[in-house]
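Below you'll find only one chain, the form predicted alone, shown as C-alpha cells.
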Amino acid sequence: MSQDVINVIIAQSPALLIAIPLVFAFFCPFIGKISNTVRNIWVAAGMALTSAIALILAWDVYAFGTRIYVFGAQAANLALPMDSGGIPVRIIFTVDPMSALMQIIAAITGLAIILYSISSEQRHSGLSSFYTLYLLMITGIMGMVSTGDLFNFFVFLEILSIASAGLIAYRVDKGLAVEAALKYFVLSTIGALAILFAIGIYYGEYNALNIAMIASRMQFTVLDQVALVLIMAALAMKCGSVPMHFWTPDAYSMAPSSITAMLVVASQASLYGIFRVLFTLYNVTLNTATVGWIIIVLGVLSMVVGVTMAIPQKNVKRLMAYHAISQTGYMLLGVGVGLAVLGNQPLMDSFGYVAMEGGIFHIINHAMYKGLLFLTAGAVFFRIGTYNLNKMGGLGHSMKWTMVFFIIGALAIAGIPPFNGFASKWMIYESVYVFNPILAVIAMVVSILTLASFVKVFHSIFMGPKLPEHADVKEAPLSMLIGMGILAVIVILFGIFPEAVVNTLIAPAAHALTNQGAYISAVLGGA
C-alpha cells in the first residue's frame, strides 16, 4: 500500500468509521442470498475493517492531537465556513483521546463478538437481519463517541437504540425476549425525547448545536439546568445506573450472549455521553461539588443495589446483568470524585485525576471482562441450552477452555490481581479514600460480595461430577473460543502492564475530558 493511500485513509478515517459498517450493513441481506459462508466472511470483513480504521484513527489522535472532521467542507478541518457567521453549521466529528479510547473499546469488543457469533448463532434463522442490525449497532456506537454536535449524537443514539431493540428480541423465546425489547425500546424512546427537548433548549438559547460552540457560550441559566437534568436522566437510564436500571436485567438476560456483550459497550457509549456533557459542555460553569456528589451517589447506589440484587439470582445472565450495573457504579464513583474537585487544581493534582483515570480505566476493563463473562455464559448455553444455575454442574470436565476464560473474567470483575479489574479498582480505592474513606470502604465491600457471588456461580457451573444429562457435552466451537480468547488476553495484559495502559491511553483521555478550553479551541480555533 503506497504512502498516498495510507495518508488518504488516515485523513478520511472519521468518515470511514461510520461509512464502512453502514455499507456492509446495507449489502448484508443481499450477500446472505448467496450463501451463509459468504455472508459470514462479509460481516467479519466489515467488522475487521471498521476495527482497523478505529485503531488507525485512535493512533492518529493519540500521536498528533484532537481530530476535526467536517462533512461536506472544502477542507476536512474547516469547521467555520466563511459565510457561517462564526458558527460551525456542518456535521462535525471531534475526536479527542477520550473519544478515541471509546472507539478502541468498540473496535476490540466488536471484532471479538463477531468471531464468536459466527458459531454461536449458526443454528438460528434470520442471520442476515441479525448481522445487519449488529453492524448498525456498531455504527451507532462509533457515531455517538465521535460526533461533535448534539443533534447527531441524538441521531446515532436512535440508530443504536433501534438496532439494539431488534437484536434483544431476536430469539423471541416465547415472547419474553420481545417483551424485554419492547420495554427497552419504550424507555429508550422516552429518553430520546428528553434528550431532544434538551437539545431544543440549547438551540433556542445559543443558536447552535455544536458542543464546542454551546460550551463557549454556556451561561448555566435555569433553562440550561433544566436541559442538564433532562439529558442526564436520559443517559443515566441508558447506561443502566440505579435508580433507572430496571430495563437492564431483562434486556441483558433475554438478548443473545454476543449481543449482551455488545450492549455493555452500548451502555458505556451513554456513559461517555454523560461525561462529555458534564465536562465539555458545562465544566466549571456547574456547581461541580454538588453535581459531582450526585454522580457519586448514583455510583454508590449502582454498586450496592447491583451486587445485592445479583447474589440471589438463579439465571446466570440475569446475575451478570446486575453485576454490570454494579460495575457501572465504580466508573461513576471515580469520575464523580474527579468532577467534585474539578474547580480545585491542587485537589485535582492530588487525587482528582487519579480518580478519573481509575473510572475511565474501569470502562475499558469492564468492557473486556464483562464481555468475556457474557460470552462464557453464551458458550455454556450453546452446549446445554439453559441459563439456570440449578440445572448446571460438572461442566469443567468437558468445557475446560470455557472454564479458564470464566475464571479469568470472574477474578477480573472481583478485582483480584493480576487481572485488569484489580488495576482500575485499586486506582479508584486509593484516590476515593483520600476524598472520603467511607466511599472507598463501600467499594471494597462490593468487590468482596462480587467475588463471593462469582465463586458460587463457578461452583454451580463447572465444579462437581458430570451430570448424566450433560454427559455428551463438548467444548465450545473454535471461533467462539477465539472470540473469548481475544478478550481474555487483553484482560491479562492490561492487568500485568497497567502503568503502560494508563500512561498511553487513560491519562490522555482523562486530561482531554477535563480540558474544556482545548476542546473548544480545536473546533473554533480559539474563537
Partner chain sequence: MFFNIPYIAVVVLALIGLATVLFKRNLIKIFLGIVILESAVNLFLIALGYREGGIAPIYTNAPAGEEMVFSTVQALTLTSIVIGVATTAVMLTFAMVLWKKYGSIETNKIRRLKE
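Positions refer to the first chain, counted from 1. Since the structure is predicted, the reported quantities are computational estimates derived from the model, not experimental observations.
Omitted from view is the form predicted together with its partner chain, to which the following refers.
The partner is absent here; in the predicted bound form, the one residue of G86, P243, G72, G200 having a heavy atom within 4.5 Å of its partner chain is G200.
Contact with its partner chain in the predicted bound form, judged by any heavy atom within 4.5 Å, is made by just one of R217, K456, R123, K174: K174. Proximity of D250 to its partner chain in the predicted bound form: non-hydrogen atoms within 4.5 Å are present.
Not displayed here, its partner chain is kept clear of K391 by more than 4.5 Å at the level of heavy atoms in the predicted bound form.
Although the partner is absent here, V178 lies within 4.5 Å of its partner chain in the predicted bound form, judged by heavy atoms. For L78, no non-hydrogen atom is located within 4.5 Å of its partner chain in the predicted bound form, even though that partner is not displayed.
Contact with its partner chain in the predicted bound form, judged as any non-hydrogen atom within 4.5 angstroms, is confined among 184-192, 103-111, 395-403, 134-142 to 184-192.
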